[in-house]
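Here you get one chain, nothing else, as structure tokens; it is the form predicted on its own.
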């Protein structure tokens, strides 16, 4: 079975959401009906919103909003939401094509309080850069990162586009991606929200004849599989022509920087990545 099908699973937060929704069906807010933002949220509103955030949002965005597998929210300007009304719209409807689901399990009051809390996160001091972005740019170039990543249209698309990575991820996630790439693997959302599947899964394909092909999974169906190999080349293979097909969700084509880059240059590289906030 492909990793796409294996990964179609409920997250713990969603399972809990289902239980809560079944226990209190009258509190569920219909998707698409955006509540009115709180004009003057009270301390109690913000405290309630923080509890909802911890239960449903912290898994991806971090308990303090500093980010994780989801974008940091502790910033004055969010990429997709300029005001509280826009935050509420995302809470109600999710973001199609991403792992961000609609919060259908919340009441309108909880949604409004959650939006107020998220908005308040932007009033906190922004996460400090751990090093020098200019030195980090040099580390990026010297390490050959452009062989697998694109920044501002330059580089190769074997790995994720990093043009706006500073808007999408926080410092802790970026550091983990450098030290333990397989553990920090991104996810891709599917239309059947709130499901997602691991991106950049390494696949080893051994044809009946010829050398083994190793690359990241791009697409597949019942009869073929498409990979992008280490050199960035597109490989399309018929499954009937393969003697072995192995999906390795525990490794990454991205090499680890652990033990290869000292702490100072590593901090500089993370700082450089945090400044990349252009639109991909």
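Numbering follows the first chain given and starts at 1. Note that the structure is predicted; figures quoted are calculated from it, not measured.
Below, we turn to the form predicted together with a small molecule, even though it does not appear here.
The small molecule is not shown here, but in the model of the complex it comes within 4.5 Å of a heavy atom of residue 173. When the small molecule is considered in the model of the complex, residue 237 lies well away from it, no heavy atom lying within 4.5 Å. In the model of the complex, none of the heavy atoms of residue 274 sits within 4.5 Å of a heavy atom of the small molecule. Using a 4.5 angstroms limit between non-hydrogen atoms, residue 163 is distant from the small molecule in the model of the complex. The three residues 101, 114 and 158 all sit with a heavy atom within 4.5 Å of the small molecule in the model of the complex.
From the list 218-226, 239-247, 35-43, 51-59, the contact stretch for the small molecule in the model of the complex under a 4.5 Å heavy atom rule is 51-59. Scanning 144, 210, 76, 152 against the small molecule in the model of the complex with a 4.5 Å heavy atom cut-off leaves one residue, 144. Just one of 181, 198, 122, 133 comes within 4.5 Å of the small molecule in the model of the complex, counting any heavy atom, and that one is 181.
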